[in-house]
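In the block that follows, a single chain appears as structure tokens, in the form predicted alone.
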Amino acid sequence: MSPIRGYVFDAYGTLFDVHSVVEAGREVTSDPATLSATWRQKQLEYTWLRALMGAYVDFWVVTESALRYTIRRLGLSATEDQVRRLMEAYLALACFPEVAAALERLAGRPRAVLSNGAPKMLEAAVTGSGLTGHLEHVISVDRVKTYKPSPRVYALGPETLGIPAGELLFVSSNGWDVAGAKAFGYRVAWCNRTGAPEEELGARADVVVGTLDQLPG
């Protein structure tokens, strides 16, 4: 098997903890964990639906739409200022504690983020977490105006790094993303932080780790 020549990371759930919005959610509900979980699930559903519909809007718009749906779905009340503060929490997501050291250990080969995130969202997350110096590329799906798991998105990795997908290790905590990247042709590491069962999508990760510091170097 050829050596790994570069790394491509998912952002949300892999580098950044999407559920760190829980603290902001306390302003509108006594059960912010349910708010966060429902918001995240609807956010993903909207990316898949918009990709299938050919009705792209960027991830910031998708995220706000998912939040407004979630507030209604859970029977909550939120002012426009509260909605704005919840959205701003997505620009300041916490980084998982091992990320910076894990990325530093992989230095010497290109390290990229390939994410559904809108450019301004990714810039805020990467800068705010102090990861700028640990990444050579930050790639948004906005370049192709669709969402994962479209092959058009996964193609951005090899195109940007100039390395074939089979010589790149794609890293994600999302099982459906793992399947999409593997189907495209990447070698894939699943960062299974929650001990989730494998997705039944006919594609398996090459390696499974619990945290990013366990990635093969």
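Residue indices: 1-based, along the sequence shown. What you see is a predicted model; the values in this text were computed from it and never measured.
The form predicted together with another copy of the chain is left out here; the points below concern that form.
S.K.: Let me know the one among R73, H137, R85, R109 whose heavy atoms come within 4.5 Å of another copy of the chain in the predicted complex, would you?
M.R.: Spelling it out, the residue with a heavy atom inside the cut-off is R73.
S.K.: Taking the partner as it appears in the predicted complex, which of 5-13, 18-26, 205-213, 191-199 has residues with heavy atoms within 4.5 Å of another copy of the chain?
M.R.: The contacting stretch here is 191-199.
S.K.: Within 4.5 Å, heavy atoms only: does S65 come near another copy of the chain in the predicted complex?
M.R.: Answer yes; at least one heavy atom of S65 falls within 4.5 Å of another copy of the chain in the predicted complex.
S.K.: Using 4.5 Å between non-hydrogen atoms, is R187 touching another copy of the chain in the predicted complex?
M.R.: No, R187 sits far enough from another copy of the chain in the predicted complex that none of its heavy atoms falls within 4.5 Å.
S.K.: Is it the case that A155, even though its partner is missing from this view, gets within 4.5 Å of another copy of the chain in the predicted complex, heavy atoms only?
M.R.: A155: no contact with another copy of the chain in the predicted complex.
S.K.: Does the 4.5 Å heavy atom contact test between A51 and another copy of the chain in the predicted complex come out positive?
M.R.: Because a heavy atom of A51 falls inside 4.5 Å of another copy of the chain in the predicted complex, the answer is yes.
S.K.: For the stretch 15-45, which residues lie within 4.5 Å of another copy of the chain in the predicted complex by non-hydrogen atom distance?
M.R.: Those in contact are Q41, K42, E45.
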